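Read the single chain below, which is given as structure tokens and is the form predicted on its own.
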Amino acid sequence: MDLMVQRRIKQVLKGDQNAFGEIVELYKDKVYQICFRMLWDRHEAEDAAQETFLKAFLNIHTYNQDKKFSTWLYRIATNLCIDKIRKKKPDYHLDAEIAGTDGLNMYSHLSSGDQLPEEEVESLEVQETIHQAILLLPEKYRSVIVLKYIEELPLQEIADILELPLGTVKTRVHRGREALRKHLRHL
């Protein structure tokens, strides 16, 4: 796949915009997932994913082809999400009731497996609690926790995406885990 992506990048650099469309098709789901896991809002995640690809297209000439393309792309997505988190109003909560519904919130839109209704409710409650705890983390811990435990990226790739030393990433993962443990100790 990396070889094909490198070929497409060379085509884009020569002016072939359709080649970039193929790159978008390859990475759109993963970029959206990263954005959603950091922002916990479908619309904002879609916007961030689109901005990621736009920024990548406009700056493709700065991409170092000796490095992994996905790392470069995920770094753009992560940085855009961090910027959105910083600009976000602090009074916006995902557990707020959706207007025009009877007690529904964004968590009610989370899909679950084929569970019994009681298990589904319990699972949703646990998910909501964990999501709330992740949202309470400072963004520097939230980003590494999302990339490590939700996106399941290796520590070195996280370090590359966030442009941080590996030791800093390990420290932030540890401190983020400790902060989550404090928030979730009642479970």
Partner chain sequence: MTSCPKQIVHYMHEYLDGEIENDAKEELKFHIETCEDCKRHYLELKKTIALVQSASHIAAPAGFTARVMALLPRETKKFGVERWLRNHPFFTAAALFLLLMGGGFFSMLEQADNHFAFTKNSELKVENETVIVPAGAVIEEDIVVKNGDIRIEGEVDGNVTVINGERYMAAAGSVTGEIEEIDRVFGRLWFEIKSLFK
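Numbering follows the first chain given and starts at 1. Everything numeric in this text was worked out from a predicted model, so none of it was measured.
Although not depicted, the form predicted together with the partner chain is the subject of the following passage.
Peer 1: Report yes if all three of I9, W72 and L136 come within 4.5 Å of the partner chain in the predicted bound form by some heavy atom, otherwise no.
Peer 2: None of them does, since no heavy atom lies within 4.5 Å of the partner.
Peer 1: Looking in the predicted bound form, any heavy atom of Y141 within 4.5 Å of the partner chain?
Peer 2: Close contact is absent here: in the predicted bound form, Y141 is far from the partner chain, nothing within 4.5 Å, heavy atoms only.
Peer 1: Verify the contact flag for K28: yes if a non-hydrogen atom of it lies within 4.5 Å of a non-hydrogen atom of the partner chain in the predicted bound form, no if not.
Peer 2: Because a heavy atom of K28 falls inside 4.5 Å of the partner chain in the predicted bound form, the answer is yes.
Peer 1: Looking at the partner-bound form in the predicted bound form, is E178 within 4.5 Å of the partner chain by any heavy atom?
Peer 2: Yes, E178 sits close enough to the partner chain in the predicted bound form that at least one of its heavy atoms falls within 4.5 Å.
Peer 1: Examine L164 and determine whether its closest non-hydrogen atom to the partner chain in the predicted bound form is within 4.5 angstroms.
Peer 2: No, L164 is distant from the partner.
Peer 1: Heavy atoms within 4.5 Å of the partner chain in the predicted bound form is the criterion; list the residues of 16-45 that meet it.
Peer 2: D16, Q17, N18, F20, G21, V24, E25, K28, D29, Y32, Q33, F36, R37, in sequence order.
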